[in-house]
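In the block that follows, a single chain appears as structure tokens, in the form predicted on its own.
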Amino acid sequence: METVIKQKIKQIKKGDHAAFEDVVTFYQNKVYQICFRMIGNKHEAEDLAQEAFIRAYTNIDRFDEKRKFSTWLYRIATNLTIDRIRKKKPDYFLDAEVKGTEGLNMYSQLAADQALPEEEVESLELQTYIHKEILALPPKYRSVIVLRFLDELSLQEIADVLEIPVGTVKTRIHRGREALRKRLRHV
């Protein structure tokens, strides 16, 4: 498939803008998943994925055709997401009191969950909790954990995406797993 993508890239560089639509169609889900797993918000992930494709399109002339396009695109998406995480500040706190009320906090404003079979609820809660703990990791560990274990990229692909040596990837994966293990030790 990489050869087909390389042909599309050549067409795009020659001015065939319709070829980029095929590239977007092929990679859109993967780019969205990378962004979502790092940022944890559907709408922000959609915005970041769209921004990644826009950046890839506007900078297509900088793409080195000797390399894998997917790695270049994933690096753009990862860097955009990391930048957003760094700039992001919490908008609200759930335990903050609601203005104009006495004793009500944001927790009381959350919708009640529908009753699900017990096993599904436990599984969903555990997945949510683990995802929350992954989001709490520092960005340099979060990115390698997401790319390795959720997106299942190889060590070399992660190194290419993040533009760091494979040894650094291994170290960050190890330290990220240890940090995650400590955070999850009571589960």
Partner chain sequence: MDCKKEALALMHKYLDDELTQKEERKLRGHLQACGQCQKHFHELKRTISLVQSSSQVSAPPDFTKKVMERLPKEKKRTNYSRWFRHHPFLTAAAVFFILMFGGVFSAWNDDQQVSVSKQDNLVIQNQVVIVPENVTVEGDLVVRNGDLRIEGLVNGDVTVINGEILEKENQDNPLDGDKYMAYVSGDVNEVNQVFEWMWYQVKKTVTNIFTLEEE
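Residue numbers count along the first chain shown, from 1. Note that this is a predicted model, so its numbers are computed, not measured.
One more form of this protein, predicted in complex with its partner chain, exists but is not displayed; see below.
- Against its partner chain in the predicted complex, the set Thr3, Phe69 and Lys132 makes no contact: no member has a heavy atom within 4.5 Å.
- Among the residues Ile39, Leu153, Ala49, Ala159, the one placing a heavy atom within 4.5 Å of its partner chain in the predicted complex is Ala49.
- Contact annotation: Ile164 falls outside 4.5 Å of its partner chain in the predicted complex, judged by heavy atom distances.
- Among residues of the shown chain, Tyr141 is not one whose heavy atoms approach its partner chain to within 4.5 Å in the predicted complex.
- Residue contact with its partner chain in the predicted complex: Leu126 places a heavy atom within 4.5 Å of it.
- Under a 4.5 angstroms non-hydrogen atom cutoff, its partner chain in the predicted complex has Tyr57 among its neighbouring residues.
- Of all the residues from 159-187, those having a non-hydrogen atom no more than 4.5 Å from its partner chain in the predicted complex are Lys170, Ile173, His174, Arg177, Glu178, Leu180, Arg181, Leu184, Arg185, Val187.
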